[in-house]
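Okay, so here's just one chain, in C-alpha cells, the form predicted on its own.
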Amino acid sequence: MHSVDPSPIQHLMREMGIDEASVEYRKRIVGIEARDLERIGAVRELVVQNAERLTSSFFDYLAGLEEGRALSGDRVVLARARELKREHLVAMVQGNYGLEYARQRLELALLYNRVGLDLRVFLAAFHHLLERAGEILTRHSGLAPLEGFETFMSLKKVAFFDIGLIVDAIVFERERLIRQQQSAIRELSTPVLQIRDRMLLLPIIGVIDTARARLVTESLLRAIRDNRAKVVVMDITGVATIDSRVANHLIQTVTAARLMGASVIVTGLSAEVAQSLVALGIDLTKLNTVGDLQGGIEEAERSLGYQVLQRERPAIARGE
C-alpha cells in the first residue's frame, strides 16, 4: 500500500509554517517536559502491544456515527487510515516528537480532510480513544493510582499536541478551498472579455459594494495590461443602484485605465442611476457614456479604426 505523495505534505508544512521552531513551540504550549517522556517510556511496551486494539476502538466508534462513515466508505482509504493510526499510536510513546512526527500527523490530517471527516466527530473519536488508553493503563500498567494518573496525563499532553496539528491542518485545507471558491466566484462576477484586438468588454450585473468595486478595478487593470487593450466598454445595464462611494471608485477606475493607455466607455447608465448620481453631486463629465451596449461597442470600434459596413442583401432575400 502506497503512502500519500509527500509533496502535498511538505507543501502544507511550508504554508502552515510548520518547522522545527514551531514544533518546539507547540510542545511548550501543551507542557511536554522531560518528566513526561520518562513516564511515557515506562508504559511504551504496553501501549505498543495494544496499538491494534486501540486502533479498532477508534474506527469502531467512527463507524457507529453517521457522520463518521465517510471514512469507511472507501476500503482503500480506510485501510490506509487504520495503518496510519496504528503507526500514530506507536509513535506517541516513542518520546520523539520532532518535525518528522509532525509530518506524520499532517498525513493523517490530509487523509481525514480528503473524505470530509467532520471535525466534531474526529474529536469525539479521539476522546474515546484516550478513554480506552486510560483504561488499559489503569488496569495493566502495574503503576500506583497516582503514578498511573500522572502517566496518563503525560500521554494526554502528546495527544493534545497531535490534535492541535491535525485540527489546524484540516481547518487550513478547508479554508484554502473556501478561498479558492471565493476567488472563482469573484472572477465569475467580474468577467473581463476580449471581443476584438485591443478591445475589452466588462459587463457588471447586480449589486456593487466597495469590495466588488475594488475587485472590478483590479480585474480590469490586469486585463488591460495582459491584453494591451486600448479601449474598454463597461456595461452597467444590470446595475440597479450605485452609491457615492462606489461611483467615485468607478471614476477612479476610469482614471487608472486612462493612465494605462486605455479609454473607458460606460454604457447602460439607467435613468434612475443617472439621477441618483446627479443628486449625489458626482461629476459625470469625467465619464464617456453611451446609451446602450451596442452603441458603446460601435463607439469603441470607431476609436480603434474599425469600420462596419452593412452588406446589401440579395434580391431574393429582399423578396424581389
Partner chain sequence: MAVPILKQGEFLIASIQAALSDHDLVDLRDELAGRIGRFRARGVVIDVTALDVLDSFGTRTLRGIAHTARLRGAKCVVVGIQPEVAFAMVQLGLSLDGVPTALDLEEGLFLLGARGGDGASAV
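Source: prediction; values computed, not measured. For the two forms, the rigid core is made up of the largest set of C-alpha atoms that agree within 1.5 Å on superposition. Positions refer to the first chain, counted from 1.
What comes next is about the form predicted together with its partner chain, which is not displayed.
Trainee: So which of R114, H127, R198, R174 reaches within 4.5 angstroms of its partner chain in the predicted complex, heavy atom to heavy atom?
Mentor: Filtering the options by heavy-atom distance leaves R198.
Trainee: Which of these residues, L284, V273, L293, M260, gets a heavy atom within 4.5 Å of its partner chain in the predicted complex?
Mentor: Going through each option in turn, the one that passes is M260.
Trainee: Does K85 reach its partner chain in the predicted complex, with heavy atoms at most 4.5 Å apart?
Mentor: No - in the predicted complex, heavy atoms of K85 and its partner chain never come within 4.5 Å of each other.
Trainee: Indicate whether its partner chain has at least one heavy atom within 4.5 Å of a heavy atom of L221 in the predicted complex.
Mentor: Yes, L221 sits close enough to its partner chain in the predicted complex that at least one of its heavy atoms falls within 4.5 Å.
Trainee: Within 4.5 Å, heavy atoms only: does R225 come near its partner chain in the predicted complex?
Mentor: Heavy-atom contact with its partner chain at 4.5 Å: present for R225.
Trainee: Using 4.5 Å between non-hydrogen atoms, is T217 touching its partner chain in the predicted complex?
Mentor: Yes, T217 lies within 4.5 Å of its partner chain in the predicted complex.
Trainee: If you check in the predicted complex, do T138, S154 and K157 all have a non-hydrogen atom within 4.5 Å of its partner chain?
Mentor: Negative, none of the three is within 4.5 Å.
Trainee: Picking from 251 to 259, 276 to 284, 64 to 72, 37 to 45, which part of the chain touches its partner chain in the predicted complex when contact means heavy atoms within 4.5 Å?
Mentor: Heavy-atom contact with the partner occurs in 251 to 259.
Trainee: Mind listing which residues of 67 to 89 have a heavy atom within 4.5 Å of its partner chain in the predicted complex?
Mentor: Not one residue comes within 4.5 Å of the partner.
Trainee: Is it true that L143 shifts between the shown form and the other one by 2 Å or more at the Cα, once the core is aligned?
Mentor: After core superposition, the C-alpha of L143 moves less than 2 Å between the shown form and the other one.
Trainee: Superpose the two forms on their rigid core, then report whether the C-alpha of E301 is displaced by 2 angstroms or more between the shown form and the other one.
Mentor: Yes, E301 moves 2 Å or more.
Trainee: Under a superposition restricted to the rigid core, does E87 display a Cα displacement of 2 angstroms or more between the shown form and the other one?
Mentor: It does not reach a 2 Å shift.
Trainee: Comparing against this form, do M16 and A211 have their CA atoms pulled together or pushed apart in the predicted complex? The difference is 3 Å or more.
Mentor: Relative to this form, closer in the predicted complex.
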